[in-house]
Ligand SMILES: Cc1cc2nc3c(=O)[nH]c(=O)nc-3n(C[C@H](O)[C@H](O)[C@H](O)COP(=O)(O)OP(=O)(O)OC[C@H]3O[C@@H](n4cnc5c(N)ncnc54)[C@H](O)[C@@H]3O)c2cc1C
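First comes one chain, alone, set out as structure tokens in the form predicted alone.
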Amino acid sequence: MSVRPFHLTRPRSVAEAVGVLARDPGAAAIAGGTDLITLARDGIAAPSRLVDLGGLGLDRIEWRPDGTVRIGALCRNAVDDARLRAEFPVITEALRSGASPQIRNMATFGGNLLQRVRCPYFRQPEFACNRRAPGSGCAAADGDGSRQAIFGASPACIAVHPSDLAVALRAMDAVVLVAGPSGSRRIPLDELHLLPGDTPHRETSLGRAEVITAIEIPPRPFGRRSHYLKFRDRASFAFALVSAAVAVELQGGVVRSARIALGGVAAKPWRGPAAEAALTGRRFAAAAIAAAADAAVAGAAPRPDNAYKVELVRRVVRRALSELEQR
């Protein structure tokens, strides 16, 4: 397919960009374009206007005195910031695992969070998909569900969110800063992506004409001791079958607090509070790690063709924590 003709607008401010998006129901914001252009090429998206967010000063990293980092929504995924690597290694590890250097040099933080699902039934217009055409059905439910969700799915949709970065940000309790027609607001990362329920076409909590302007990560006691591990079915850059962002705060070798978030298993980064509880208060060693890995699959509801993901979650969490323990 070819991309349908569209108008291109280059606003001079975030407020102007929001205004254009609000006035034109067919308009879409574009940053790096690594996902949107593919969707347009394949006939999944057909924006009447693209609103280019480049040049609006949204590509900076700023550190506050209290240790909070604000990352502009248009910062590239190939970000090179020594302090970010030191304070939040899980973030830079997730970015490196997500795509080739060429893609990371184009893709942005905001766009990464808002990328659409990679379910083949969504990406091919000839198949029924409730995300693409509400009420049309879910072809994946009766098709190949081997890569689909084991947490939080519904009869209307079983797709998983593809972002590695979102999983790492969830583990770090990140907050998304948004600008829209009603002003600015802050959205905890956990509230940005929505589970499908009966409305899988509503993928995020963003309102009409709202755009992400930045991501903030507060100082966390477990930030420096964090790790991202991704399992995929080939060595080249591919989307996760299962991934884990793990972090622990230690005091005398005992886990004082922990974070475990999973990717490739749900329509949003999936937090594992039971796994965190299994670690907390115990010596950070093999027994506690094994208990956390077992607890990480609590509540899983796999299909016959993706039941392998339950054991894969256990193994990925165990390995991620074991690698972190050996550092």
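Residues carry their position along the shown sequence, with the first being 1. Here the structure is a predicted model, which is why all the values come from computation and not from measurement.
There is another form of the same protein, the form predicted together with the named molecule; it is not shown, and what comes next is about it.
J.: Please identify the residue among A295, I44, V69, L36 with any heavy atom within 4.5 Å of the named molecule in the predicted complex.
T.: Selected residue: L36.
J.: Consider the chain as shown here, without its partner, and state which of A266, A40, L53, A278 has a heavy atom within 4.5 Å of the named molecule in the predicted complex.
T.: Of A266, A40, L53, A278, the residue with a heavy atom within 4.5 Å of the named molecule in the predicted complex is L53.
J.: Any idea which of 251-259, 78-86, 132-140, 160-168 reaches within 4.5 Å of the named molecule in the predicted complex, heavy atoms considered?
T.: Looking at the other structure, the answer is 160-168.
J.: So, a 4.5 angstroms cut-off on heavy atom distances: do all three of G111, R118 and F239 pass it with respect to the named molecule in the predicted complex?
T.: Yes.
J.: Report whether the minimum heavy atom distance between V211 and the named molecule in the predicted complex is within 4.5 Å.
T.: Because a heavy atom of V211 falls inside 4.5 Å of the named molecule in the predicted complex, the answer is yes.
J.: Using a 4.5 angstroms cut-off on non-hydrogen atoms, would A247 count as touching the named molecule in the predicted complex?
T.: Answer no; every heavy atom of A247 is more than 4.5 Å from the named molecule in the predicted complex.
J.: Would A174 show up as a contact with the named molecule in the predicted complex if we use heavy atoms at 4.5 Å?
T.: Because no heavy atom of A174 falls inside 4.5 Å of the named molecule in the predicted complex, the answer is no.
J.: Could you tell me if I289 has a non-hydrogen atom within 4.5 Å of the named molecule in the predicted complex?
T.: Close contact is absent here: in the predicted complex, I289 is far from the named molecule, nothing within 4.5 Å, heavy atoms only.
J.: May I ask you to list the residues of 65-80 that have any heavy atom within 4.5 angstroms of the named molecule in the predicted complex, in sequence order?
T.: Going through 65-80 in order - heavy atoms within 4.5 Å of the named molecule in the predicted complex - the hits are A73, L74, N77.
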